[in-house]
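Two forms of a single protein chain come next, each set out by itself as structure tokens; they are called structure 1 and structure 2.
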Structure 1
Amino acid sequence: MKQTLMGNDAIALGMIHSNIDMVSGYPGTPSSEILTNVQKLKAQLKLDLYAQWATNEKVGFEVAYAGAIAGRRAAATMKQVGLNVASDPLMSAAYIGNLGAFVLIVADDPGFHSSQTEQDSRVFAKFAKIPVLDPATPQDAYDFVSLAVDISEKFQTPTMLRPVMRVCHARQIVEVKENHEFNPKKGKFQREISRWAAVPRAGRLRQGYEMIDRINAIKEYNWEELIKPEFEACKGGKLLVLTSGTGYGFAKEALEDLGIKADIVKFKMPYPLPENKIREQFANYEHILVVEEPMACIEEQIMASNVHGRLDNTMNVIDELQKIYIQDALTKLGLYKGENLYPSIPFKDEIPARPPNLCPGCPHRDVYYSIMKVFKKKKSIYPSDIGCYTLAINQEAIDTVLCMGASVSMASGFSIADPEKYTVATIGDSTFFHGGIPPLINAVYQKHKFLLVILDNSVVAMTGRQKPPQRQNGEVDIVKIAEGCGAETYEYVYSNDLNDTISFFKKMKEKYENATGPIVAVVREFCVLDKEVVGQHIHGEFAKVIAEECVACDHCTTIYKCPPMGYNEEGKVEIDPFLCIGCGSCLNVVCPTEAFTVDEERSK
């Protein structure tokens, strides 16, 4: 049966069609829709399976992995930087293995479309010594889920599925199974202390040898089942292209465009590779070009004198692949002498940049504006974190962004390193749960003095509005957590009147002066994209600008920075009616000349 699917839809459907019945993960672009789609399919088809978000990737990994130890078919989903968080259980799980299936789905982001770092999770699989499958398209992504389940069960090893953003967010007509009857397994944990609880050195060393044997057996399997048929179809000649995942699509199209005949071998499983058997094939070719992204995973395994790729600078060394990089590589190898088929001629004039910004009506904007107004730019350090609120960087209200939860621990560090300044850290609710709690405990433990503002909009907004723990059921309470950590904790319920928010932070500044350890401000907010709650908070109070009062001071467009605000041809600020959502937040404080007023006509 054919269906038009996005890669992440295809992976979710592939999971159901492979009878995976335990899925856990943490959202992160480009992986987020995988688990969301499993949840949708569960509801639509009334399936008996577990599909839930975890508080972070390590937790998600461990929940699902326990399922696989107990004999079920389980999967964990995350993005590449999430794997860093889950790397601790991964390294051990690779030694221990599993009884059922454990599919670790990690979405990579070559080209940094929405990530702090590029990373290649195939290299991580190689580091951990687990097999990894690299889909090129949504069709591959669907097919490879069941292949991953088979390999994981056959070899009793965690198996990684590594799609990149251009697979996760690609859209294609995919051939899928029809009338699948979902058949979940019953979990049955079998006690085997020497396996599941092996301790160094004797137990783990034995498992280490088993892991090496396993990976060698998978190399054999990779050759016999997946690679040999590809080489059997090859003809030999000047050029052999070795590739996996999206590299295949780029290579195939570039060779067609450039009119160059070459053999292409696509590795479905780029690690572990039977390197010697592959090298035996090299005698039939003048040049071997490895096309892969974002790192040299295949190339490192099969290095030889006539192999070219990222390691010898024949291909690009960072950033997403483009066909022009392949054209350049072929030019360097003397295999292409024609014109540049992909000239990029930009528009002759400069086009204004359009940086992502906090949504119109977003409470974060008011909170950051108030913090800056009270604590001042020059007198304070503002460590922040990963989430929508990172966009307050446009208001210059953020000084550092490192990784999930680091705002809190870095606030500790700044308070020690530069105690003359105020340190005001900001973090979202989901990020606080993910990685912010241990550093808060540490700060209380060691009496680090800073203000931590937890912006609680009760949704993981940036990745598609997943529900965080306090939303799912009311038993988790951030205020109680912060209090339980021992921090002096205050709560503020956001109001659209900026005066209220500023007063609250003035109070926080007073508390700061007398504090001996961290103080926490939990700001209860909402997300303007959150349809369930937005109606209670946005009342359709639209603003307009009295042109005579506007002195073009830039204050609203550079410091408050709400997207509808911009200059018109007369040089006065105007509110774009298509963008304004009527929150009324800009009516107080923002304009030094009080040019903002209620647009009675629109507010009716």
Structure 2
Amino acid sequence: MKQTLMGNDAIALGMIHSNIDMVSGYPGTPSSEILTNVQKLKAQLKLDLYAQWATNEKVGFEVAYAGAIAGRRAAATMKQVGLNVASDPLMSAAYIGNLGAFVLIVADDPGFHSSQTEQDSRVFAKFAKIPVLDPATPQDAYDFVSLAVDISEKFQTPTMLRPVMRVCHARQIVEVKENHEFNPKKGKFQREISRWAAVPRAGRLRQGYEMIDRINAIKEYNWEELIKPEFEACKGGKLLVLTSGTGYGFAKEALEDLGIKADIVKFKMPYPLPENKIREQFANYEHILVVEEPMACIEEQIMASNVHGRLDNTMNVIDELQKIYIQDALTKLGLYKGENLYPSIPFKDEIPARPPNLCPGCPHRDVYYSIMKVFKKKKSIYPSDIGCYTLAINQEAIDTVLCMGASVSMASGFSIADPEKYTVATIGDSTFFHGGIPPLINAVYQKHKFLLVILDNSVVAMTGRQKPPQRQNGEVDIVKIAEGCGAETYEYVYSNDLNDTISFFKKMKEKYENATGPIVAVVREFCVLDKEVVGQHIHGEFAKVIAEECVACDHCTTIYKCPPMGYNEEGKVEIDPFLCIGCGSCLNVVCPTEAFTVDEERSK
């Protein structure tokens, strides 16, 4: 049966068709739709399975992995930087193994489209000594879930599925199973302390040798089942291209465009590779070019004098693959001497680049504006965190962004390094649950003095509005958590009257002056994209500008920075009615000449 599926849809359906019945993870582009779609399929098909977001990737990994130890088929989902958080249990799980299938799905983001770093999770799999599958298309993504389940159960090892953004978000007509009957395994934990709780050194050393034997056995499997048929179809000649994932499509198209004949071998499993058997094939070729992204995972395993790629700068060393990079590589190897088929031609009517910005009406804008107005730019340090509130960097209201939860621990560091300044850290609710609690405990017991503002909009807005723990029920409360950590904690319910927000932060500044440790301000907000609640907060109070009062001071366009605000041909500020959502926040405080007023006509 054929279905048009996005890559992440295909992975979700592949899990159902592989009878995976425990799925946990943490949202992050480009992986977020995988678990969301499993939840949708669960509801549509009335399936008895566990599919829930965890508080962070490490927790999600461990929940799912416990299911696999107990014999059920399980999967954990995350993006590549999330694997850094889950790397701790991954390293131990690679030694211990599993009984039921455990598929670790990590979506990579070559080109930094929505990530702070460009990482290659295939290299992480190599580091952990677990097999990794690299789909090139949504069809591969669907098929490889089943393959990963088979490998994981056959060799009793965690098995990684590594789609990249262009696979996760691409759409393709995919051939899928028809009339699949969901039939998950029963979980039954069997005590085996020497395996599941092996401690240094005797137990782990034995498991370490077993892990090496296991990875060597998977190499043989990879050769016999997946790679050997590829080489048997090769003809030999000047050029052999070795590739995996999206590199296959780029290489195939570029060779066709350039009119160059070559054999292409696509590695479904780029680690572990049977390197010696692969090198034996090199005698049939003059050049071997490795096309992969974003790092040299394949190339490092099969290095030889005639192998070229990222390590010798034949291919691009960073950034997402493009066909121009392959053309350049073939030119360097002397295999292409024709014209540049991929010239960069700037679009003559190109729209000017715009900086990232918070949504019109977003309460984060008012909170950051108020913090800056009270604590001042030059007198304070503003560490922040990962989430849509990071977009306040456009208001110059953020000094540092490192990784999930680092706003709190870096605030500790800044309070020690530069105590003459105020340190005001900001973090979202989901990020606080993810990685903000341990550093807050650390700050309390070590008495690090700073203000932590927790922006609680009760939704993981940037990755698709997943619901964080406090949204599910009233059992988890951020104020109580902060108090439980020992922090002096205050609560503020957002008002669209900026005077109220500024007054609250003036109060926080007074508290800061007399504090001996961290103080926490939990700001109860909402998300303007959250259709379930936004109607309770946006009352349709639209603004307009009295042209005669506008002195073009730039305050609204350079400090407050709401997207509808811009200059007209007369040099006066105007409100774009198409972008204004009627929050009314700009009617107070923002304009020094009080040029903003209620648009009575639109506000009726």
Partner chain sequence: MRYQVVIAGFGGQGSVFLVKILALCAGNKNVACLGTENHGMSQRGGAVSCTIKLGDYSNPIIDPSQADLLIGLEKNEALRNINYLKPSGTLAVNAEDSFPKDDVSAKVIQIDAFTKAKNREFPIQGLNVYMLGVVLAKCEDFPFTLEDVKEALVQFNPKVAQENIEVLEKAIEDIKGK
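In this text, the rigid core denotes the largest set of C-alpha atoms whose superposition between the two forms falls within 1.5 Å. Reference numbering: structure 1, starting with residue 1. None of these values were measured; they are calculated from a predicted model. Only residues modelled in both forms are compared.
Form predicted alone, is that 1 or 2?
The chain shown second - structure 2 - is the form that fits the description.
Fitted on the core, where are the consecutive stretches (at least 3 residues) whose C-alpha atoms all shift 2 Å or more between structures 1 and 2?
Shifted segment: 347 to 352, the only one.
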